[in-house]
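A single chain comes next, written as structure tokens; it is the form predicted alone.
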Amino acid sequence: MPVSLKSRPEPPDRPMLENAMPPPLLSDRHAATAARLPGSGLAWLGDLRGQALASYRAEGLPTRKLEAWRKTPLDHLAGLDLAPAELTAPPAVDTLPPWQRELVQGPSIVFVNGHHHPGLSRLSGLPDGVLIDSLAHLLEHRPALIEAHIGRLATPKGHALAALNAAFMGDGLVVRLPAGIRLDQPLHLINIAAPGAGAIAIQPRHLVILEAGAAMTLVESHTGLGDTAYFANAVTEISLAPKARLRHIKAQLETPAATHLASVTVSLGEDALYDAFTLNSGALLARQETYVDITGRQGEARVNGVYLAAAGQQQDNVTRIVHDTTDSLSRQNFRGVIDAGGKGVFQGKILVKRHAQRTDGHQLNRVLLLAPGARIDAKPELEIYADDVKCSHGATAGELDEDALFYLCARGIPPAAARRMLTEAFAGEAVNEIADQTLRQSFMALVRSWLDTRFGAPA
């Protein structure tokens, strides 16, 4: 005999669904951490952190329900008992990878688990007026220098990861170049993860301000030690005044257990240049977001990169370049190499506003699939409201050219060596976008090292 709804026992009282949901990742750790954060006594900073925490608690980590994150799951983070990274003793220099060991020898600022280590850094001999310091030091001793800049470009609202970073913001690089100053040597921003026995969250906040006519090259590198899982969530804000020039070169080679999420937000003044290149080949999951707002006439943005994904890895690249003025230019050239079981994601967008006449924008993403089971999801976009523009975009994916392979093999080159040569040449076309020859060679050496693990070292 069917049971009527009225005869069923009443369910026990339960809280509303939103109250039953667990708090977003790390948010329950904030109360115990807040008092120890640099500048905790500053009212304006407390407001910024508090608003960011509230925003993050309301939004939570991005899920696949969001279009921008539909191909990028973060579910694995919920299984990690993450703790905010604490200041630790620095690792010995000889424990670093050889390529990063060389960087420490030049002008450099080193962060271990997101905290500045002056003993490893080399910042002597800077021109008068140049400010290169750690965020923690400035928050404690000269907070007025950064109050007007921090959190102004990478705003917490609508960006959950930037909000999470702002809530726990404690240390990072701060660069301020006075008008007309040009640094002759690249500055190396070296990030080392040394999680030890427990999973940690590393959340550096970087700020780069170049005044009118200033110029520099910033080389950013990320690596890790050990096999413990960790979560790196880096946020960078960059403000370039008229005629400023910044070349921003990044190598991400985190450990296979790491999750690396990074966003860079750039504001470009008149006739300013932002020239960026990113090599992503490390981490279990890596996502590089680059947002450039060209607000000054004749501003120029070049955002390029190479991403290399082995089995079990996912490498994401997200770009959004907004042309918000007349006579501006943007170029994007990304190359991906995906092995069996690896995945790449590319989401690139060029937005041209109605008044941004004579915009010149181009975007290209090309991917080489090395074996069955390699995967790429690409979503190039143009959103154009002006009528006098020259814009284009393209995305291709495929295997190595069989005719080219046959040509090389017919001349006595073994098949594996031929495949390697063609793959190296394919990735090298993007690496060639790096203007500095020394850096270009260094990054090409990193690509070759990755290829060695796929094809073996060349004879």
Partner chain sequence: MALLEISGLRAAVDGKEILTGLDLAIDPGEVHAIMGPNGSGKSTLSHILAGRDGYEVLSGTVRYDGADLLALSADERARAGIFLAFQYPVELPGVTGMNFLKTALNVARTSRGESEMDAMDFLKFVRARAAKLGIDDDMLRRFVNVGFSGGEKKRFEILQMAVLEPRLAILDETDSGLDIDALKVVAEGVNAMRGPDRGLLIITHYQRLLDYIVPDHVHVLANGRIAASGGKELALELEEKGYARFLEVAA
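The shown structure was predicted, so the numbers you read here are calculated from the model rather than taken from an experiment. Residue numbers count along the first chain shown, from 1.
One more form of this protein, predicted in complex with its partner chain, exists but is not displayed; see below.
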- Query: What stretch, of 388 to 396, 54 to 62, 420 to 428, 24 to 32, brings heavy atoms to within 4.5 Å of its partner chain in the predicted complex?
  - Reply: 420 to 428
- Work out which of Leu400, Leu42, Ile413, Leu66 lies within 4.5 Å of its partner chain in the predicted complex, going by heavy atoms. Ile413
- Message: Given a 4.5 Å distance limit between heavy atoms, list every residue of 237 to 275 close to its partner chain in the predicted complex, or none if there are none.
- Response: none
